[in-house]
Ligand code: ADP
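Given next, in C-alpha cells, is a single chain: the form predicted alone.
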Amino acid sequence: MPEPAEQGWAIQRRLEDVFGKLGEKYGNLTGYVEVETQPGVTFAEIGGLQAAKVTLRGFATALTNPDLYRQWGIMPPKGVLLYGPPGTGKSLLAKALATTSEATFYHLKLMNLTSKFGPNTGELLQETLTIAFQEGKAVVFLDEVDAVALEHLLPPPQAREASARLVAALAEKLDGLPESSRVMVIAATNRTDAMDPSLVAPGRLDRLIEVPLPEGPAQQEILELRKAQAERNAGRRLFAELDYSSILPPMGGMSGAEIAEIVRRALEAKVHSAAAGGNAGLVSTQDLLQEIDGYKRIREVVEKIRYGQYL
C-alpha cells in the first residue's frame, strides 16, 4: 500500500497534468487557481478565532467520515461561508480544515479570475469543481466570493445580468455535488452586502461562520505565535520579555494579518541594523510600539489613496 507521501505526490502530479491542460484552454492559471495536496497549516497555528475554529473543525467529519451523517439520517453539509474583515484568517482556516481532513486544497482567487475571464469565469469554475469532485477528499476555497457580483468590472445593469449567469453556474455545481463525494466548498467574503442570496440557500453555502477582528487575548495569542514561529525559523531567541499591557491597547482594531506584519517589520528593522554593523539586540516592547505607530500612519495614507484624497 502506498505511503501517504507517495499518494500525495501522485495526486499532485496528476493535478498538475490536469491543470496544465486547463491552462492550454484558458491561459496560464498561476495566481488564479492554486492546488496543494499538503497545505501544512493547522488550527493550532491560528491565533484567536476559537469559536470559528471549533465550528469549522467539526465539519472535518463531513470529509473524513460522511457515513456518520447518514447514520443519523442526514446528508453532510456541502458548503460554508466565512465572513469578516480582511486579514482575519479566513484563508488560514480553510487550509487548516484541509490539513485536518488530509484533503487536497484548491484555492480559487475569484477576484483575479473574474478580472481575467469576466462572465466566462463560470465555465472554469465548473471545470475546476468537477476535477475536485473526481480526485477524492477536497476543500475548495472560493476566495473573495463576492467578486461573482462583477461590480468591479461592469456597470450595475450589465453586472447584474452577467453575475446572474455566473451565480447560476456555481449554484448548479453545488446542487449537483454527488452524495458520495467528499468535498467541502468554503467561500470567504468581507462584503456580505454583495453576496447573492441564492448562494447561501439551503444545500449550498448554508453554514455561516463569522471570522471577526481579534480582541486583547486573541491579539496576544497571534503575536506570541508569530514570535515563536520567527524564533523557530532563526533557531535562536529574537525577542526580549514583552509588556503586553503596553502593546495590546494600540493594536486595537488590527487584524491578524496586520499584527503579523508588525512583527515582521520589527524583525526587518533588526536586519537593517545588523547589516549596518550595529548592535541589533532583541526585539523589545518599544520596538513593537514604534512599528505599530509607523504602520498606523502608513495605513492612513493607504486609505486616503484608496478613496482618492491624494489624487
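So that there is no doubt, residue numbering starts at 1 and follows the sequence shown. Since the model is a prediction, treat every value here as computed from it, not as a measurement.
The protein also exists as the form predicted together with the named molecule; that form is not presented, and the subsequent description refers to it.
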Taking any heavy atom pair closer than or equal to 4.5 Å as contact, tell me whether Ile262 reaches the named molecule in the predicted bound form. no
Given that the partner is absent here, does Gly87 sit within 4.5 Å of the named molecule in the predicted bound form, heavy atoms only? yes
Can any non-hydrogen atom of Glu34 be found within 4.5 angstroms of the named molecule in the predicted bound form? no
Could you tell me if Arg226 has a non-hydrogen atom within 4.5 Å of the named molecule in the predicted bound form? yes
Considering the named molecule in the predicted bound form, find the one stretch among 280 to 288, 58 to 66, 41 to 49, 239 to 247 with heavy atoms no farther than 4.5 Å from it. 41 to 49
Would you mind picking the one in Ser101, Ser91, Gln220, Thr128 that has a heavy atom within 4.5 Å of the named molecule in the predicted bound form? Ser91
Heavy atom within 4.5 Å of the named molecule in the predicted bound form: which residues of 246 to 271 qualify? Gly256, Ala257, Ala260
